[in-house]
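Shown below, as structure tokens, is a lone chain in the form predicted alone; questions about how it binds or moves come after it.
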Amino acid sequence: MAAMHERPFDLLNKAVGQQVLIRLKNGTDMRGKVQSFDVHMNIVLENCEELEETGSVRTKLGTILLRGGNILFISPA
């Protein structure tokens, strides 16, 4: 029997309400709770924080919209 493969949107659906780490193409790391996303992978994060390279909080941003074209990867935080 073939293994079931999850599609990217299945994984994003599971991430709604969960905290994630997102790296942007410019190297910036953002951490926050996924509120919603769309087909372009634009993501709304709440309680978002921009992180230093060491992982410490640089700036607390609150609720933000990240444009999908700027996202390099998304990982559980």
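Note that residue numbering begins at 1 and tracks the sequence as displayed. Only a predicted model underlies this, so the values are computations on that prediction, with no experimental measurement involved.
Another form, the form predicted together with a further copy of the same chain, is not on view; read the next lines as being about it.
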(message) So, D38 and a further copy of the same chain: in the predicted complex, are they within 4.5 Å at any heavy atom pair?
(response) yes
(message) Does any part of Q19 reach within 4.5 Å of a further copy of the same chain in the predicted complex? Heavy atoms only, please.
(response) no
(message) At 4.5 Å between heavy atoms, is N42 in contact with a further copy of the same chain in the predicted complex?
(response) yes
(message) Even though the partner isn't displayed, in the predicted complex is L11 close enough to a further copy of the same chain, meaning a heavy atom within 4.5 Å?
(response) yes
(request) Residue by residue through 21-39, tell me which have a non-hydrogen atom within 4.5 angstroms of a further copy of the same chain in the predicted complex. (result) R23, L24, K25, N26, M30, Q35, S36, F37, D38
